[in-house]
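Next up is one chain by itself, shown in structure tokens, the form predicted on its own.
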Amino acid sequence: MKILLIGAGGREHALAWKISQSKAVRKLYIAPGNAGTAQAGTNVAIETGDFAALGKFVSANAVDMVVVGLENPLVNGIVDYFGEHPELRRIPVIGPSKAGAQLEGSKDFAKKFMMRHRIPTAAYRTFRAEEEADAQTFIRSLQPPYVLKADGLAAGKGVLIVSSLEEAFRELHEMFSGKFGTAGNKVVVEEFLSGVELSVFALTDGKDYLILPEAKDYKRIGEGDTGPNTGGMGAVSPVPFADKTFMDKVESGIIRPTVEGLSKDGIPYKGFIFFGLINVGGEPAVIEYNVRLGDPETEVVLPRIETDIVELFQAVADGNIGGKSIRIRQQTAATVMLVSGGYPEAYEKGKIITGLDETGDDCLIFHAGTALKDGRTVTAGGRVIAVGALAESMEAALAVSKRNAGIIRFDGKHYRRDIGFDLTQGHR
């Protein structure tokens, strides 16, 4: 089997690493990939939004399956594009239709979907720029802190949690004025739910599903969860409080109603669903949906899966995921993200990365924002490398991750040394 994986981040490197382990795979292409994915397959210089070029490549190279790693092509309709072209229609694409991708592409769509199917989530209202005064009135009716979400895709930075009315009004105005581009044309204002967050993932063929290992990621740039939000500074799996009782509630109250709701609404969906959840006093609620795996959660979820992931993808394509099971390692996976100096604000690229060949055999390295330049690996993004490990305890996995994070070097490197701090006694 020949597979094309679309994307260029740490999630895609982890997917490439996992896909390449399948005996069913004869050739793996990654478009456009990064310096890490080149170790698992063949990088192809095609941008993720160039559907015509991707389609031509698939046809010319007799690709048997396409796996879409990131959200933008899904939200923009790559699955529909393949379905509309006779020469591509037979190629299964792992990812939802454009209609299904609105679960991530529009916060307002997702909230309406949850309300319609009685899936627990925070109370909310959605406003446009001309309704700014009404939005301010609604914000005043809420207790602080206040949650503001750009309706559209904003590279993981479109959710703001602010503590004062003055700040909420200022941010609301800036969002309506283009702070997040067209993503902020509509703004969802939510009540704040207090609890501990976690990420849960399902792989579905639109009728049935398999639940993957859960994870917890850390969004803030600074230790102790301080500073601005990022795309993710690290993650751990499993999550200690996500026991069987809690996960049974997640499945019965959230996962099953979501898959059934998509079917009832006539929305085709073959791929991953990411449930961004919060544990409020033992009761799960949905903060957000994503229509792909998370990053950096993928870097801790996939190492815990023993099952051949390509077999699962084929079951999704064939519509018989309900006949499959998934084997999960009981070990703990952890990852620490190395980021560029200045991230998540302005940062420089092209910094030479050294020490990659000095890390231990117990280290799992997934490239997030790297490139090859004159035969050397250089930084090419804000989040650069996820440094992880699989071990018998969270403390052991984190110790390996942090030790190797210190070995890898590039100018301006920054990483959090407290990933998992809120889940382990005395861990810092």
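A quick note: this is a predicted structure, and the numbers were derived from the prediction, not measured. From 1 onward, residues are counted along the sequence shown.
Although not depicted, the form predicted together with a small molecule is the subject of the following passage.
With a 4.5 Å cutoff on heavy atoms, residue 147 counts as touching the small molecule in the model of the complex. Mapping the unseen interface onto this chain, residue 167 falls outside it, with no heavy atom inside 4.5 Å of the small molecule in the model of the complex.
Residue contact check for residue 347: none of its heavy atoms lie within 4.5 Å of the small molecule in the model of the complex. Among heavy atoms of residue 151, none comes within 4.5 Å of the small molecule in the model of the complex. Looking at 73 to 81, 280 to 288, 347 to 355, 205 to 213, the stretch with residues near the small molecule in the model of the complex, meaning non-hydrogen atoms within 4.5 angstroms, turns out to be 280 to 288. None of 108, 132, 191, 308 but one reaches within 4.5 angstroms of the small molecule in the model of the complex through a heavy atom, and that residue is 191. Between the small molecule and the residues 161, 247, 317, 142, the one pair within 4.5 Å by heavy atoms in the model of the complex involves 161.
Annotation: in the model of the complex, residues 122, 197 and 219 each come within 4.5 Å of the small molecule through at least one heavy atom.
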